[in-house]
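Alright, two takes on the same chain below, each alone as structure tokens: structure 1 and structure 2.
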Structure 1
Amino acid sequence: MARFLFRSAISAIVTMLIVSITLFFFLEVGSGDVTVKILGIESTPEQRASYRAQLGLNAPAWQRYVDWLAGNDWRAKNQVGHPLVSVTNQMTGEQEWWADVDGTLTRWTMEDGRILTLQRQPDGTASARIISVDWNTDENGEEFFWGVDTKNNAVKWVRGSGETVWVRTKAGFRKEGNGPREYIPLRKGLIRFDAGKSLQTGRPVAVTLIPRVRNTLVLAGIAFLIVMPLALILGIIAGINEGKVIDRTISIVGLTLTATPEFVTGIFLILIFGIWLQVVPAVALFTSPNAIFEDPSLLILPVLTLTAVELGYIARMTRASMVEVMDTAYIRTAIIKGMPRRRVVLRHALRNALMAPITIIMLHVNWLIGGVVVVEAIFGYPGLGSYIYKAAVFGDPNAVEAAAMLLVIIAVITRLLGDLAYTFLNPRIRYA
């Protein structure tokens, strides 16, 4: 078993690496210039070039991928010359990057051609001081200084040559001087649970992704707890009553539910229960981050839609497996010998009949977690599926890859749980 778990872990790591490289390649090739989507088509080439530099998008593709995966604080540390640390901002709850200069957390900014030093105070505020810094000289004779700015970047300032920087505000674009020449947007990397900033929102991916994952886990978890036991029970009942009215009824209803697309089922439920009867909310309108806990009725129609889609498929698979097992020689022998049918089903047939449905159930856990895009779109439910869809359309590589890695982890875990469930259902199965 230990060898099996070790091989599974290695396989999972290789799978996630391949998926991340593939996704990054397709996003790199197919998303186009993301700065156009950020700034709008009215932006000028100069403005887009400025934003591209600030986001670190002018670095080579391989460098951006390594930064996303393993972080770049180690690389930026060599430029800045001081250890770089991240601390939590007490106001926003987000991480801030600072340079540790002799035990003092420090940042820098340039004003009127002078470097201004910002030192973090115990209460989280920063005090500005004019402290001389060590300028270095490059091979061209230009004096430069690497530091950490107020936007979580390691930046390079050149003395006497402040760059023009375009900043987007609610009022439009603002042109600023005294800007850095080079940027390294700081991040720890995915292997240290930091996927960087979302290019779409400008906020850390973890801050925007975690609430969406929680919402989807709640929705998928409730649907799973309802549909899986119910589908297994209906499939077993149909399987042990092959050819009877109850079998035909369950099979026809299951086939109908399976053949009906999610958007049709969802719209049908909205019309009946949300608009005509008005007994539940027609859409999942979130007025606060914890709306589903404050008003659980928001979950009713999305859960019913997922239940309807999954119920028929799992029930039919369970029925087919149960019919096959009930037709085996050892089951027929047990019945002929006079063993009560209930005992034959529960003690001998049930475990073997659940082998195939367990595989289907584990595969459909992944669908429930990440493939509910249609259901979330119909009901306006802010979950992981809609998050991935919007990030992919926008071309946000950090957000898409972080969400994709999460889905890969879920897929690996559910596959492993399915394999372990086999050993419980059939003790003859062993993993080396």
Structure 2
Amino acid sequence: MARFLFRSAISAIVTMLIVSITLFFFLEVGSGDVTVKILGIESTPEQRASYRAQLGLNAPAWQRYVDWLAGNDWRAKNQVGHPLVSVTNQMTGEQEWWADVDGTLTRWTMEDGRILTLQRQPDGTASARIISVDWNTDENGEEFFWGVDTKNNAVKWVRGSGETVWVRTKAGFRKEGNGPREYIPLRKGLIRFDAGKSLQTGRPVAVTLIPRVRNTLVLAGIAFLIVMPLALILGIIAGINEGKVIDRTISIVGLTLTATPEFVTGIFLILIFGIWLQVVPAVALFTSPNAIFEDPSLLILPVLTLTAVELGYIARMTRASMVEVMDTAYIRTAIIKGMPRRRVVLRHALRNALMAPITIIMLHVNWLIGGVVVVEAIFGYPGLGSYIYKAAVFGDPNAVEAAAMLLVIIAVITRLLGDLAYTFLNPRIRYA
């Protein structure tokens, strides 16, 4: 069993690696010139080029992938020559990168081709000083300096000639002098829980994601709590009454529910409950990320839609498994032993019949997640699904990657749970 779980864990890790690479590849191919999307079509090629450099997009794709996964401070450290640390700015609550120069947290900035050294004070502010820095000379005879700038990049300045760069601010796009020549936007990498910043908003992905994950978990969790017992019971009832009217009814209704796309189900529910019966609002406005806690009735239609789609699927799985088990020789033995039907079903058949659906459900959690994405999109529900949908359409790699990795982690973990449940139900593996 140790072996079984060990394999599952290894497989889960490899799975996540493959998924992240695939995603990265498609986003790489697909997002086209992301700067156009951010800056708008009216931006000039010059502006875009400058902005690309600031985003670190000039680095080769594999490099950016490694940066995204494992961070790049360890790479930038070699250039800067000092350890790089990330600290929280007490005023903004955001992470800031500093170089640790002999115990003093330091950043640099350039003014008129000269380097200004900024030292962090205990209160979090920085004091500027002109301290001479050691310029290095490259093979072309140019003098350069690697340091950390005030926008959390490791940058390369060239002495005497600050580059002209375009800087994006809240007010708009501004031309600045004294810019560096190369950028490495510093990040810790996903494996150190840094998902990077959203290209769309410029804010860290994690900040937006957390309330959305919570909302999705609430939606999926409620649906799951309704679906599981109901579907298993219906499936078992259908399974032990194979071929009878009740079985036919459950099977056909289940099939119809499963085969109807979520958006069709959702629309019909809106039509019926929202427009004709008017028991719930036909259009739900999620005014804030916390709207569902203020008005739980907003949850009714999304939960119902999700329930309808998943109910049929799981019920049919359970039914098929039950039918198969009821046909086995050991159930025949139990009947021939004169066990009452109740006992045959509950003691002999149930446990074996649940094995298949539980693993299959767990394997198909991502399929169910697919349903969540669509349901959230239909109802404008502020969850992970609608987030990923918007990010994908925009082509925001950090956001899509982070959200998708979360979904995959959920899928992988539930699969592991499924394996565990299976081991628990199946003594053949438990005692192997």
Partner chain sequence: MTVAQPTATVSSKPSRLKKAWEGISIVFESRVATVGLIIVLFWFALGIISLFWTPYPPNANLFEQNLPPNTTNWLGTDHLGRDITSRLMTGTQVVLLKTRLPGDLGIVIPGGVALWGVFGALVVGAFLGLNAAYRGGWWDQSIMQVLDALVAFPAIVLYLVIITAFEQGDVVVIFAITITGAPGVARLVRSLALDIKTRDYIRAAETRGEKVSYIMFKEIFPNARGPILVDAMLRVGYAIFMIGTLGFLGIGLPPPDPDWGSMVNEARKFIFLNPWGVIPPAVAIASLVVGLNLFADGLREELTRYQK
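What you see is a predicted model, and the numbers here were worked out from it, not measured in a lab. Throughout, residue numbering runs from 1 along the sequence of structure 1. The term rigid core refers to the most C-alpha atoms you can superpose between the two forms while keeping them within 1.5 Å.
Here the chain appears twice, and structure 1 is the form predicted on its own. With the core superposed, Leu346 shows a C-alpha displacement of at least 2 Å between the two structures. Superposition of the core reveals a Cα shift of less than 2 Å for Leu17 between the two structures. The Cα position of Tyr313 differs by 2 Å or more between the two structures after fitting on the rigid core. Here the two forms are laid over each other by their core, and the C-alpha of Leu416 is off by 2.4 Å between the two structures.
CA movement of Glu262 between the two structures equals 4.6 Å, with the two forms superposed on the rigid core.
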